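To begin, one chain is listed below as structure tokens, in the form predicted alone.
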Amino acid sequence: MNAKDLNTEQAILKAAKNVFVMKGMEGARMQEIADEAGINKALLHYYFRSKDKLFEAVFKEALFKLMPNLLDLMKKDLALFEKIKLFVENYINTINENPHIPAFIIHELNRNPERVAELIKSTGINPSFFVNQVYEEIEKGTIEPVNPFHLIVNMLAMCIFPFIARPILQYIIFNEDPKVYAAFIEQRKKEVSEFVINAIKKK
């Protein structure tokens, strides 16, 4: 693919992301996406033959912005508490840089959970490395007996909620001050890590 084609494809994906985030898969129209990208509809169909193919490309791009670093991190030979700290920091940083991802994924989970599950599986996600490490630490007596799957869900939920609830936090709790919200998100990395670690650390 030459530079011109690559630039056009990236412009289409960016435009499609904006339209899909606002209207979802069902509400989006190819003409709207073409207009947003500043191209004609025929050219849009040349790069992506259908809205379904375009949506899949946008969704996979969102997932692959989120997953690879986290997957690599889970496999690294690091102490569990260090891994939790890095996981939380990387997860929050990635979503902060791509704030459309949570709402986009949740919208499609409600619309077509089976398809979303298949797309997520295609990233190669495998929590077994982390799960096994948690069980090993339980055996060593360094952490309390805990269900590792609940632990993963708790970490994800605590990281993602401030982004899902951003309108409430930013415009009601933080008096519409984006700097205060940004500072809160930065502090959140430490707060979540410490909360999770203190919750499972052997007393």
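Only the largest set of C-alpha atoms that superpose within 1.5 Å between the two forms is called the rigid core. Please read these numbers as outputs of a predicted model, since none were measured by experiment. We number the residues from 1 along the sequence you see.
Although it is not shown, the form predicted together with a further copy of the same chain is what the next lines describe.
For the residues 138, 39, 30, 169, the 4.5 Å heavy atom test against a further copy of the same chain in the model of the complex is passed only by 169. Checking 57, 43, 70, 156 for any heavy atom within 4.5 Å of a further copy of the same chain in the model of the complex turns up a single hit: 156. Residue contact check for residue 79: none of its heavy atoms lie within 4.5 Å of a further copy of the same chain in the model of the complex. For residue 176, a non-hydrogen atom is located within 4.5 Å of a further copy of the same chain in the model of the complex, even though that partner is not displayed. The shortest heavy atom separation between residue 198 and a further copy of the same chain in the model of the complex is within 4.5 Å. At a distance threshold of 4.5 angstroms between non-hydrogen atoms, residue 143 is out of contact with a further copy of the same chain in the model of the complex. Annotated contacts: 150, 161 and 165 all touch a further copy of the same chain in the model of the complex [non-hydrogen atom within 4.5 angstroms].
A movement of the C-alpha atom of residue 155 falling short of 2 angstroms is seen between the shown form and the other one when the two forms are aligned on their rigid core.
A displacement of less than 2 angstroms separates the C-alpha positions of residue 185 between the shown form and the other one, with the rigid core held in common.
Taking the rigid core as fixed, one finds a CA shift for residue 28 of 2 Å or more between the shown form and the other one.
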